[in-house]
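Quick setup: one chain, the form predicted on its own, written in structure tokens, and binding and motion questions come after.
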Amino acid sequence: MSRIIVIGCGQGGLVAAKHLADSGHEVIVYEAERRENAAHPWRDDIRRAVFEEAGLAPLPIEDCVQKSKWKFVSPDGKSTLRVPMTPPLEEISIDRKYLLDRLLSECKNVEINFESPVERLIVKDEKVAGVVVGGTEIPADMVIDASGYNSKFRRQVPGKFGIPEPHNDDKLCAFRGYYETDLTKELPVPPCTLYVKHLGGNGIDWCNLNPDDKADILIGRIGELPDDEITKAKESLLKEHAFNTGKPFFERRVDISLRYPAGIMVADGYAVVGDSAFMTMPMMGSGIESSMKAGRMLAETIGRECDFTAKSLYPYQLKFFKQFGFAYVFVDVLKRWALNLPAEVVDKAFSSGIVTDEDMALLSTDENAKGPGAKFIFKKIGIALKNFGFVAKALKCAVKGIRAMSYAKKIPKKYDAAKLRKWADKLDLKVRK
């Protein structure tokens, strides 16, 4: 029997822990936070089917809350686009604390330790061989890093494996808060409103009425978010949405990954999953679905017996990229292009028809990020050609996105450290240059 340690109570880590323990491994989870603080106190949207896709018990229908309707507002505030709705309860709004409870209930054979921050990895002979907790060395055959976007453990893995670190522009620095509401005031229709490049900022803001009748504010900027920008954006959102009283239940800052998945996810005795591997949808930053499915992929790769080398763990990464990771590459290119456009160009995109309500499906839950087909691309180029100012920008972005996505699909079929490193480095250039 092998000992596997999971760092953090991330969704992908817990799904992997459940399946690995069920396969007979000794699985230990170390979470730095207290039980009540181990999940964000807010809601996110996911597809209900992801529980079964991740090999978990179906979510009881009585516990499901319909995903809210969304509209996107252009920088000048004059145009809006709406995200198409899926069939009832296909996509749901889920409370993250409830989600943690569900995942923990699945981990019946897993040892869970809260208030137990991992201090560092143990590395011996260039292989990850355990962790240090509370000054005590705890040996393990493998460590699964589910500690989040700001994981300090990726940097402790021997450099020869090439586990990547994010760039500053890979993250959305966000402020999020829940507030009391006055339901006698005019309520938003639809209930969720997202502002693109709000007040000239390089990012997104929203003010929503969530299913619990609480007001939900997010203020997000690429790379950095100064305090004065939070104050200015919050004041504007409160002015525009009178139902939000501004009396907080909570307020906090958080870094959200807005990049394509890590080009290298495995090393000897180590693997990243979830936010540690940047498994978020590059537009909206929600990675719950992809993390849960990746957790199952990792557990199935390990199986009942494994030597825990990078070579034996690599099929996990290969399967992830082949199934949907490649599509996130296109969305990342699209995101970088859109967020660097001048506000007046984005306004024109909203009003001209180059972006439509149908296209907003790309910004829905993870499953909808399938990547564009030829029909989609040429339709957009045709519209661009009718709007002279868009021609060069739209065509360049479309071609770049397709090339990067196509290259992502060429991930090496077998593990070769040098070839994988070369592929990952070239993919990064294709996304960023």
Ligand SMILES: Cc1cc2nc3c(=O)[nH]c(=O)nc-3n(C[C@H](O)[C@H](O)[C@H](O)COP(=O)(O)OP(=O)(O)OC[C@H]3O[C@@H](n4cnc5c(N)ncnc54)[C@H](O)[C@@H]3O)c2cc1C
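Every value quoted in this text rests on a predicted model; they were computed, and no experiment measured them. The first residue of the sequence shown is number 1, and the count goes up from there.
Below: the form predicted together with this ligand, not depicted.
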| item | value |
| --- | --- |
| Residue stretch of 325-333, 136-144, 112-120, 341-349 approaching this ligand in the predicted bound form, non-hydrogen atom distance within 4.5 Å | 112-120 |
| Contact flag, residue 160 vs this ligand in the predicted bound form, heavy atom cut 4.5 Å | no |
| This ligand contact in the predicted bound form: residue 317, any heavy atom under 4.5 Å | no |
| is_contact(residue 398, this ligand) in the predicted bound form, heavy atom dist at most 4.5 Å | no |
| Non-hydrogen atom contact residue 193 with this ligand in the predicted bound form at 4.5 angstroms | no |
| Contact assignment for this ligand in the predicted bound form, among 197, 176, 127, 71, heavy atom within 4.5 Å | 176 |
| Heavy atom within 4.5 Å of this ligand in the predicted bound form - the one residue of 181, 210, 286, 301 that qualifies | 286 |
| Sequence-ordered list of residues in 46-63 near this ligand in the predicted bound form, where near means a heavy atom within 4.5 Å | 46 |
